[in-house]
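As structure tokens, one chain now follows by itself in the form predicted alone.
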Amino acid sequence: MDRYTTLAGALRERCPELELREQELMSRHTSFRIGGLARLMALPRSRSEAVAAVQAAMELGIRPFYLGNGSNLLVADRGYEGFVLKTSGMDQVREVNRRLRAESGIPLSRLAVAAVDRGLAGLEFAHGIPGSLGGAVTMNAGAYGGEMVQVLTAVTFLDGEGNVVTLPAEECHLTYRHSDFTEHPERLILEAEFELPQGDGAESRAKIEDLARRRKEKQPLEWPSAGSTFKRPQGYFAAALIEECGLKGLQVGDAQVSEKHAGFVINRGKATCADVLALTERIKETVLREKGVALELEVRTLGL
């Protein structure tokens, strides 16, 4: 009996309501629609289930991989011989002392709407970002001039020792696509708190609609992808560099540089992880050779 079989048995005993899946196909859980089998996956619906699952894994020397919406993730074709904890069932939001608190698994689109419904402004930029709150905090997600760091006030997480900790946002050190959680993948974000100003509901909804229209016009939303493939190099825009190198439409297998937006690598149907990696390497090599700029993947990888 291996550790994952032992862990599955322990979790079924401790948390009989916790949903567990063995040999789960990861392509079902990523926006790229790419990835092989994960050895074991837990899908908690509450903080208590998540904490219990992590603590049980720690007792066996297993470090879980934390997954939200899988919108910024590329999983190996061979899969992941490990334990995945998917937080999408942890999606509650509430208002406490005029501050918005939300669990880490809530999609950003729902969080933005929840804020608007309460007459709060400041999260409209997040509506079109396809990730969940936990990933957004980890990567300091942003779009159209807005970033999580601008509105975040505190983060509650489970640390690597199994303790629940709450830190003010400034102690989480959010910078461009980075935070302390990037450096500490053993930390599971449970909840985040926001301080948002009172807003005009009609104005906020109009802003959300405008941003959605602009995204649809400019981004290849009709194809599976992981969003922006590369981080923004200092002083440049990755998409512009890629386009200037004549790489729009470049294809390896079913992975392609979008002809609509060069900053996106898309899955045209049956792209593999190997296809995406080969394509991104060609992009990086070409941009470095022709522009002298080193591109860095924004997409996270698992199982490589």
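Position 1 is the first residue in the sequence shown; the rest follow in order. No experiment lies behind these values; they were computed from the predicted model shown.
One more form of this protein exists, namely the form predicted together with a small molecule; it is left out here, but the text below deals with it.
Proximity to the small molecule in the model of the complex, defined as a heavy atom within 4.5 Å, holds among 119, 233, 227, 89 only for 227. None of 271, 279, 67, 238 but one reaches within 4.5 angstroms of the small molecule in the model of the complex through a heavy atom, and that residue is 67. Heavy atoms within 4.5 Å of the small molecule in the model of the complex are found in exactly one of 201-209, 165-173, 110-118, 138-146, that being 138-146. Contact between residue 300 and the small molecule in the model of the complex is found at the 4.5 Å heavy atom cutoff.
The small molecule in the model of the complex comes within 4.5 Å of no heavy atom belonging to residue 160. Using a 4.5 angstroms threshold between heavy atoms, residue 73 counts as touching the small molecule in the model of the complex. Among heavy atoms of residue 221, some come within 4.5 Å of the small molecule in the model of the complex.
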